[in-house]
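Just one chain follows, in the form predicted on its own, and it is written as C-alpha cells.
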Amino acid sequence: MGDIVDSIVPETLDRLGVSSALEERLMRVERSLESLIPLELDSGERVYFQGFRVQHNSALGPYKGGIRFHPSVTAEELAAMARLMTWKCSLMELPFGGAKGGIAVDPQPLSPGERLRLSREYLFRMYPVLGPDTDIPAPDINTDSETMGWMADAFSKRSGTWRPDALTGKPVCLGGLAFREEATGFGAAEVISGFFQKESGKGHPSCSIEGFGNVGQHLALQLAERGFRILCVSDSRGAIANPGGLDIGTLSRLKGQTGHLNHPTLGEVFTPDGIDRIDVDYFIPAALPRSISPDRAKRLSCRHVVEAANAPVTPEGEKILLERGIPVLPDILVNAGGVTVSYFEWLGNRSGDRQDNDRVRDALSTRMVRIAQEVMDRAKREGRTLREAAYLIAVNRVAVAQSAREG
C-alpha cells in the first residue's frame, strides 16, 4: 500500500520546496510499538500473536487510526497505512495525525470469548502509547463496534477512569454514533455526486462497484438514491450485472441473508473479473489495495476511477489510466467519511454532547462537499491531477505545522 503514497509524497514535498531534513522527518514514522500478545484459548491452551501500533506524525494533533486483525498484518504495511491516515486527516482539516495498529491473526476460528480476550490483551499492551490526547484507535478489518467496546472497557480498567473519547467506533450505548457504519459510503457518494455535478450534472451516470461489503453496499445505496445507475457489483466470490441498473436494496438484503451475489433473478451472474468488461462512467474499487495493476488499467471500460478502497490503484496503473484520459478520484478524499465521523464522535465524547444521525450526516456532507470542491478547483487551476492537488493541500498543512512546532 505504501507504493503510491511513498511515490507521490516526495514529489509533493519537492513541489512545496521543503528542506531535505523536513522531507525526511515527514516520511518517517515517529514511533512503532511491537508486542507479543498472549491468548488463552477456550481449551486452556496458551498461544501468542504479534501485535503492533505504528504512529506516523503528530504535528496536527493526536494520532488516529484503526486496529485490524488479519494474518497479513506487518509493521511495514501498518506504517504505510499510518502515513496515509496522516494525509487523509490533514486534507479533511481534522486535528489528528496518522496511526494504524493490528494483530497478525486470523480471527475467524476464534470464539467470541477468545476474540474478547485477545482484544483486551492488545489494549493492555498498547496502553502506554494510547489515550484521548495521544492516540485514538478505531475499528478496521475484522474489528467492529463490539471490539471497540471491549477495548474501551479495558482502557478504563487500566486507567482507572471511564474515557469514552479514548476510542471511536464504539457501540451507541457507549458513546458511539449510529451513523458511523454508513459514513464512509455516504462520504464517498457526496464526493462522486459533487464531481459529477461539476462535470455536467446531466443524466443518470452509470457505476460499477468492486467490493460489496459495508462500504460498497452503503455507497451503492447512496448513489442509487442520487439517481446513479449501478450496473454491476462484485465481491471475492462473484459478480452480478444488469444493464438496466441493479435493484441495490434487494441485492443488499439478499447478500446479507445468503452471503453471496449469486441471484440470477436480479441480473447476469459471472466471475469477479467480469466486472472489468462492463462499460460505465464510474468504476469504483471498494475492496483491496493494489487491485488496479497496469494490465487491468489497460482493459477497464470506464471514464473515471473512484478510490473508495485504500490505495487500490498502483502508481503504474494510474499512469496508464491518465494516459487513457481516465481521471482518478483519490482515496484520501473519497473514503475520508469514516475518520471524519470518528472525529465527530471524539468531539461529542469530550463535550458530553450526544449527536443524532441527521446532525452528523449534515456536518459530514458539508465538509466532504467543501473539501472536494477545494481539491477540484486546485487541480483545475494548476493543471494537476486530483491526487496531486489533494496531496499538495494535505502535505502542506502538515509541513507548515511541523515547521511551526520544531522550526
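All figures in this text were calculated on a predicted structure; none of them were measured in a lab. All residue numbers refer to positions in the sequence shown, first residue = 1.
The same protein also exists as the form predicted in complex with a small molecule; that form is not shown, yet it is the one meant from here on.
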Heavy atom within 4.5 Å of the small molecule in the predicted complex - residue from Asn242, Asn214, Thr74, Gln197: Asn214
Heavy atom within 4.5 Å of the small molecule in the predicted complex - residue from Arg229, Lys255, His304, Arg120: Lys255
Partner-facing stretch of 197-205, 234-242, 110-118, 164-172, counted where any non-hydrogen atom is within 4.5 angstroms of the small molecule in the predicted complex: 234-242
Glu210: touches the small molecule in the predicted complex, heavy atom cutoff 4.5 angstroms: yes
Exercise: Ser90 in contact with the small molecule in the predicted complex, heavy atom 4.5 Å: no
Residue contact check: Thr184 to the small molecule in the predicted complex, 4.5 Å heavy atom: yes
Interface membership of Ala287, the small molecule in the predicted complex, 4.5 Å heavy atom rule: yes
His56, Thr86 and Leu130 each touching the small molecule in the predicted complex (heavy atom, 4.5 Å): no
